[in-house]
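Next up: just one chain, as structure tokens, the form predicted on its own.
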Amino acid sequence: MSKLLIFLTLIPLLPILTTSFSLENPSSRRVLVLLDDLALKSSHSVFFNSLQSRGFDLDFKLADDPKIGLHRYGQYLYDGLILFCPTTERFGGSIDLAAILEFVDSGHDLIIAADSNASDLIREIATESGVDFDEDPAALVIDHSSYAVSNTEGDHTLIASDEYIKSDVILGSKKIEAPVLFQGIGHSLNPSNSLVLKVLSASPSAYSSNPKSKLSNPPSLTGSAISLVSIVQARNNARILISGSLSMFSNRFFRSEVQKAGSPTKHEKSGNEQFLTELSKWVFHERGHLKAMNVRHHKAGEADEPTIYRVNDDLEYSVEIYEWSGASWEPYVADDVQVQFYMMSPYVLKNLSTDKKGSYFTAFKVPDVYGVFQFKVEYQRLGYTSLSLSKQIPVRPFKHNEYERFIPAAYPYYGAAFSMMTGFFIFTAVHLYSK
């Protein structure tokens, strides 16, 4: 009876377990979306439909739903989390700040969208992720030079920004022609966190302040130091997107015309949809995810991997690296992959050649030093998941019967010894038999 109860309990989890994150399919497939109001499901439907059309299973919940949770029976129910609930002071169910941080620490992905009403909870999550929103709760990003032209004068808080990060792997290879509309709060990057990157920056003329009051003191955030949208790739390859504007994900901003102040060009559609669609592909590992396999090393001319090398052996090293394209694994092509032959410090550092079909290889001579070495590949490139490969192998010196009988470098010493012996006999003979 107890076995039957366990079986019936696990049946609802089967769809979750079969669609979860795996090495063969690294894209986050089941995503929990927490909302302040279920009306956001329709007002931001274009963004959500984009995710669903790419195979994502979105589970929409109110942020204060008492039944929500990220895991059950030791298994995570979701691969990704979207927080479109900037005003939430406290999550329902078993979700809190610690649970979200643990979720990311477990290698899962996160999207955070804030606005001018961002709660302390959302600000704390952002701070733990490496960014700091403006401390003034009434502050918005204002730009009197790069605002979006509209029929009304406005307060220039609706910004048209085209200050994108230059990275094809993050934003795609197709250029974003139209500026992105942004209206919300700015943030700065924590200088002690090297994992955070600005994806969309404010212009040098921007500043963060309350648009309804006059400036009495210099603003705390100014110019290009203001980040509008930032990303984080953690050391465990979990990815986070942080935006200071929930409106930029809305259908209204996606479909709105846009003209940047000072530009004669008027675009029929903003760049928001392209920008956020491409960025979401990166966040959910549809692009920029690498895997390494078939790490091999052996002596030159042999095929089997030895258990030990000898100093001055000629060896060959190879590894295969592939990139996830969103649907399949494709060969990764680069010219900056390196291997180290390492013991306390690298004794050999070699660039790996590639056949452009995913295989990387090189050959080198084992250094004339014995000990326990490692083959190490530490590959970190902007926008890509990091690779850390290591294989340990001992290196021994020559055995006593493996040295050459006569070392060519010692021939002068051999000659000196024999010439000394010959000279001694000649001197003795002359000394004994001369009168």
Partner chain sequence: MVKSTSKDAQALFQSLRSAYAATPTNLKIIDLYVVFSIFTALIQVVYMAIVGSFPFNSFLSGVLSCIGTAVLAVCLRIQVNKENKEFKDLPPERAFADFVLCNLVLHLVIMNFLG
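Note that the structure is a prediction, hence the values are computed from the model and not measured. Numbering follows the first chain given and starts at 1. Each form is matched to the other, and the largest set of C-alpha atoms that superpose within 1.5 Å is called the rigid core.
This protein has a second form, the form predicted in complex with the partner chain, left out of what is shown; the following refers to that one.
- Between 364-372, 403-411, 37-45, 60-68, the stretch whose residues reach within 4.5 angstroms of the partner chain in the predicted bound form through a non-hydrogen atom is 403-411.
- Applying a 4.5 Å heavy atom cutoff to the partner chain in the predicted bound form picks out Pro412, Tyr413, Tyr414, Ala416, Ala417, Phe418, Ser419, Met420, Met421, Gly423, Phe424, Phe427, Thr428 from 411-428, in order along the sequence.
- When two forms of a protein are overlaid on their rigid core, residues whose CA moves 2 Å or more are considered shifted, and Ala39 is not one of them between the shown form and the other one.
- Once the rigid core is used as the reference frame, the Cα position of Ala410 differs between the shown form and the other one by 2 Å or more.
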